[in-house]
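One chain comes next, on its own, written out as structure tokens in the form predicted alone.
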Amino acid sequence: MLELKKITKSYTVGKLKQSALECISLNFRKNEFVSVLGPSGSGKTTLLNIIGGLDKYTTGDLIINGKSTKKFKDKDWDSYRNTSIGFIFQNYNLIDHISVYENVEMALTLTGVKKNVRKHEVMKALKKVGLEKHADKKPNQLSGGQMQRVAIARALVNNPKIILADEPTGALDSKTSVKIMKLIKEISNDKLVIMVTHNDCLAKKYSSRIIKLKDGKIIEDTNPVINAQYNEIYKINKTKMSFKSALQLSLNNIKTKKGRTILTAFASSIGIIGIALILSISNGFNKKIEEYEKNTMSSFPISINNTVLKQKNDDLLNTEINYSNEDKLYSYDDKENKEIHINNISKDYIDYLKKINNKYLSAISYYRITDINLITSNGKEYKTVNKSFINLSELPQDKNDKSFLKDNYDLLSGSYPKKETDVVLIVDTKNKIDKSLMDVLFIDEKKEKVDFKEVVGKEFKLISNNDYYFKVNDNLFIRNKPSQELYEKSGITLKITGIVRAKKDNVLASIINMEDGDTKSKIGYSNKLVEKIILDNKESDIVKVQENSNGVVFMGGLNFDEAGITKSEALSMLGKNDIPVSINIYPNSFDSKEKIIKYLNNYNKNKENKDKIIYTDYAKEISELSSNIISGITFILVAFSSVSLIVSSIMIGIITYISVLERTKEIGILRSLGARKKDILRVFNAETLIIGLLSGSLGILITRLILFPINSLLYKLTDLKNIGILNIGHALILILISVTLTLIGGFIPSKKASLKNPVEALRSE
């Protein structure tokens, strides 16, 4: 079964070469009890270690069932120890931080035996040594004899062919020694037992064969094997410790050092806490900025006007700033270097804008110069309401089935408009109403305060061009005086259904008011009303005359230059067309803005400069400035905090190295059971993984707790609520970073642990 052919083992220390074994040749039977005797330094333990695959011979050959081991790799020796060898050590070599059951189970775990099978075999082995009732105890809760029996159970559990016992009774009293020897003798009935001992009496009493060594040579063999035959073929089975087993082993070790582990995790989590706090506050500020920017989008829209003042020779829509590298000044005349660009806002362009994806829009605001002919009455008197007399303004169009008014304005009284003839009074934060509006609504201008009820329900009569204007001659029209007859001719009544005010922190209403002039109140109406007015008036008598006239027919016949308007503008004022003079596009987010900008730029592709439509993006500079500042600050702070992560990684490496030193013997035990170098590396990587996971999780938990007082303090300082918001994605990434850094920090000492010589590891204390 087992044969040693001319085995030698020598050690070189410096220039000195020392021989431990010299040309040892032995054959062993399938089942016998062999005792190896000899004085200290005779090579007994070295011989046992070579037979057990813990140490490698220098020359010669170890043959297992006819198979030479000369070409064995590390994995082959690991498999051999796991499946063919069971070790019984003098000092038991049990792993202290796991139970008796888990110590015995370890050999089966490395073999990959299923859990239910493992349980059966472990309990069977413990029962054989009389310790089945002590399975859940830790080794330090047992006596010396009991611990040795655990070691025997561990040696037997894999049903190996060979049991190697190194001074199995050396640490026991005589009474316990006898019990252990009887148990080993019983085992030798169906296994090869090779025992190293100093005790001649025990060897003679229990052994079937005694081999004596001296100075690394065999001086006596009481029962040598003659004509050895091998009836079995040795098979190499792979061993492997699952990551789950490595994790469990490391977790049990960590449990025995809870205090140190928690302190280590806390110390290494400081960097995570710092970065998490920075990202949380940065994330919170970004959210607040996004909220502000969304409102700013409404306040600073993408604006398209019919006339744009621009620098000559500037590339339209090119916003890149180029700096001169020359030490010279360039003269220019501001007036000469500026020109007016006319945006040809045509019906085709309006149709193009209407195709903008609604999901990117909050609203689109059109400003048309179409006059709205209105008359009011209190039943006795009649007054003309002209667009230039009070502030009448077309409200932005609603998008995505949302109400623009409801989203941006609070209703102070009445109701929001429900149809095209419903209008609203829009007031500022002080609820101011212009006296000119009070006058046409027949409200006493001397009043300092006006009740909402006096305004809600007030009506205007919409008068068509043909009724509103009186033809004097072929080129002159004048307005009819307001009268009961004119008032009653109108079939359309506009009603103020409600009073609205911009929601708090929403500056949209103020900006819209300023589109028509800085006023404190205005009457808002829908674009559908304007479209209806244009449809009714585009074929009116005054429009037809104006089309054929060289002057402004409703302004005393003045020519266009004297009146300061163009013929197109005069026709627009009379309702000939619905082309706006300016358009404001309100994106619903900065991301949407970029998509809308891209869409607008596509219209200008392959067009000459004169045909391009220039827009003004008021929010761009604010966006870039705020995002760059926050990103820059966040980057710098994260960079500083990252230093602590590097320090944490180094500290983890030191802690892992200390753990390696503390667990050196455990490494030797695992290697003696057949654990591979990869398995040892896996055990320590599992430990650093647990510490990294604990560190990252602890850092995130502490960050969440710290954010409460930080948010409270920031609220007092800035009046901003919940600035510190830890993003779940950031939290997971930081935990992953923590795990990665601890694995990196612990890799070198873990690798060093896996390379330890098993014999040297077993000798350590």
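Predicted model, so just to flag it, every value in this text is computed and none were measured. All residue numbers are counted from 1 along the displayed sequence.
The same protein also exists as the form predicted in complex with ligand ADP; that form is not shown, yet it is the one meant from here on.
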{"property": "Proximity of residue 13 to ligand ADP in the model of the complex, heavy atoms at 4.5 Å", "result": "yes"}
{"property": "Contact of residue 763 with ligand ADP in the model of the complex (heavy atom, 4.5 Å)", "result": "yes"}
{"property": "4.5 Å heavy atom contact, residue 729 and ligand ADP in the model of the complex", "result": "no"}
{"property": "Partner contact for residue 41 in the model of the complex: ligand ADP, 4.5 angstroms, heavy atom", "result": "yes"}
{"property": "Location of ligand ADP contact in the model of the complex, chosen stretch of 693-701, 59-67, 719-727, 43-51 [non-hydrogen atom, 4.5 Å]", "result": "43-51"}
